[in-house]
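Next comes just one chain, in structure tokens: the form predicted on its own.
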């Protein structure tokens, strides 16, 4: 039996717009609920099992509007069976109340970052009391967290909070790697941070920019899962813009086929992520 046959099926998460990518960087980033739903469907068709969702105003301004999240999730679910994961990161400077309000809509999952990090020229602030507040709101509405870690200290913080009962066990981690201000995007960094994770957890890697596909390939080989999309990287290859997050999902699906690792169905993803 090959190593790939011993690994779980691969879950691909599509991060389709984020809060920091605009049309002056790529004309393909979706803004409106209908555009986001169309892109989610394309990603689902390409092999993604989950969409990581931010929402925007019509002019592209980042928003945490529960109305926009609700409209978008309804349109996505009408189009395809993909799991819907809300961001509670929002955009730099948003309050906890803004970031957590849409959790009342009960998406399948939501991300929660367990520490503060330099983000461009700003600081993405996640003090421990803020993390506990958002985690409490997740528990209130039965939303399973994806613990988002930009450096190894955030992993350590997540483990400490798990001991306090803040997070459910087993947990799902997303390792954001290669962003200026966070941990590096090399295979060496990935191998180290993997040693910090609980044995019973699931994890994915989100490589930023040029680190996206090389880290995806490494995660596929060692049993991790993958997040790709225009939120993290707008290029399919050097100098070639991806025409949408779906093209990046297709690239990861190709890497998985080459490695002999099957893609997870939505039902399999629900089981792996311990979703109801």
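Keep in mind the model is a prediction, meaning the values are calculated, not measured. Numbering follows the first chain given and starts at 1.
Just so you know, the form predicted in complex with a small molecule exists too; it's not on screen, but the next bit is about it.
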| With the cut-off set at 4.5 Å between non-hydrogen atoms, does residue 74 touch the small molecule in the model of the complex? | no
| task | Give a yes or no for residue 247: in the model of the complex, does one of its heavy atoms lie within 4.5 Å of a heavy atom belonging to the small molecule? | result | no
| query | Applying a 4.5 Å heavy atom distance criterion, does residue 109 contact the small molecule in the model of the complex? | reply | no
| said: Would you classify residue 141 as touching the small molecule in the model of the complex, given a 4.5 Å non-hydrogen atom cut-off? | reply: no
| message | The chain here is shown without the small molecule. Which stretch in 32-40, 218-226, 47-55, 203-211 comes within 4.5 angstroms of it in the model of the complex, by heavy atom distance? | response | 47-55
| task | Find the only residue in 91, 197, 103, 190 having a heavy atom within 4.5 Å of the small molecule in the model of the complex. | result | 91
